[in-house]
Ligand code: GKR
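Given as structure tokens, the chain that follows is alone and in the form predicted alone.
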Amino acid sequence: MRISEVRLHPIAIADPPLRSSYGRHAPFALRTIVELISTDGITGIAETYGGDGPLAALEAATPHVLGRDPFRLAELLAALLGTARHDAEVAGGATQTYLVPGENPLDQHMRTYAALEIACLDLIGKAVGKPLCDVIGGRVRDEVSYSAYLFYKHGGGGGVGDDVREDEYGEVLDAQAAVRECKQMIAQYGFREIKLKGGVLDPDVEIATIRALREEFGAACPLRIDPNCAWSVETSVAVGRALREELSGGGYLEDPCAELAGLAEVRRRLRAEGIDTPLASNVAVTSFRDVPEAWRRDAVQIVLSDPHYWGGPRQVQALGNLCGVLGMGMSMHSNSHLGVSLMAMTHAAAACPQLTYACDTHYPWQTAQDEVALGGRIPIRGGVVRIPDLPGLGVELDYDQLARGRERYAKIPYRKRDDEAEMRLHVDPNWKRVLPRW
């Protein structure tokens, strides 16, 4: 069996005006659907980052894919690594601090490979009649937990013009609205852990939000907050001190400030006060080279994996092994995505014993109008996604929906995520991402 054809589908999906320290989400998020067709007539699929950059990288990789045996993944990775550039100059070096996920040129080759690996593993699973998680060594769980991922947001459900979407959650710019948002989300999906995207409002408001969530949902529901490096070390310590109870019991403080040095100082100062709140990261730790240093400094206790930029499900397993040796915890990062990505995340998490924290997911923020998985939205019930008794990822493509996504992509002007531009357009014409902001 060989790969005889590569099909790349750039699509756009509606996205609400969610806020983070990066700015404000545009009305549409960009994704790319990948199809690898084998000489046996089997098709493997994947979903990855969208826009001109990721699409160009996949197009450049296509000659390395055609004619290859999909089982020989190490060979494919070696071929792509051989074409990678390692001299890119980016602010903050190799970290994600100053770049939105999917934009770091230093790990572009791993993101490209990840999409191809997922499609190859889906193809292999279909060829042998086994779910993807069992192809890569076997699942340790039949269902994977996800967290309610809360955002402060402006009014609007995403999309524009005749493609505008219903605003299911309304405006959320204070603690009371965040509790309402969370109650709606939990009622629909049954989540049992809660994450708040912070770094948007004054830290006192975000502290009040976490406290309101704890009061509403109780200590049995772990809480976490992620300001994406918006705080100084001083502010991070102050928030950690204020929320020492609320972030205990399975919660964590994620990327409160920039860089491993800052996180290590926050950890040292909190520990000196007897506060053992774990620090998590998907900004200062985004590749294997970051993990030993994060551990040595005691800067990060929980690593947020993501098969889309760590290099695929097998690299997530390798990361799990490393975290297990070092005694570090694992969760999983998310971006705006559809059901194909959700299933890739679920299979990766199911086959990783060390991943014991509920994964992030933006899936509740996307709509059925955009879903390209045949049969519609992937069910999340009781806060979990179950591994289906189907080969590969367990999903097929709805080609009518895929065509609509491509048509939408062709109509809109967006070709790269730019949250700063959306802030300047809708909120403040002079807005820039400043670190730290508080």
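The first residue of the sequence shown is number 1, and the count goes up from there. Fair warning: this is a prediction, and the values are worked out from it, not measured in the lab.
Below: the form predicted in complex with this ligand, not depicted.
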Next item on the list: Answer with one of S331, Q108, N228, Q315: the residue that has a non-hydrogen atom within 4.5 Å of this ligand in the predicted bound form.
Entry: N228
Checklist line | Sole residue of G157, P222, P101, P364 within 4.5 Å of this ligand in the predicted bound form, by heavy atom | finding: P101
Check: Hey, in the predicted bound form, is F151 touching this ligand, heavy atoms inside 4.5 Å?
Finding: yes
Note to self: My question is simply whether H347 lines the interface with this ligand in the predicted bound form - judged by any non-hydrogen atom within 4.5 Å.
What the structure shows: no
Notebook entry, point to check: Are any of the heavy atoms in D122 no more than 4.5 Å from a heavy atom of this ligand in the predicted bound form?
Noted result: no
Margin query: So, K195 and this ligand: in the predicted bound form, are they within 4.5 Å at any heavy atom pair?
Written below: yes
Next item on the list: Check, residue by residue, if Y22, E254 and N282 all come within 4.5 Å of this ligand in the predicted bound form, counting heavy atoms only.
Entry: yes
Check: Can you pick the stretch from 356-364, 135-143, 316-324, 238-246 whose heavy atoms fall within 4.5 Å of this ligand in the predicted bound form?
Finding: 356-364
Check: For the stretch 231-249, which residues lie within 4.5 Å of this ligand in the predicted bound form by non-hydrogen atom distance?
Finding: none
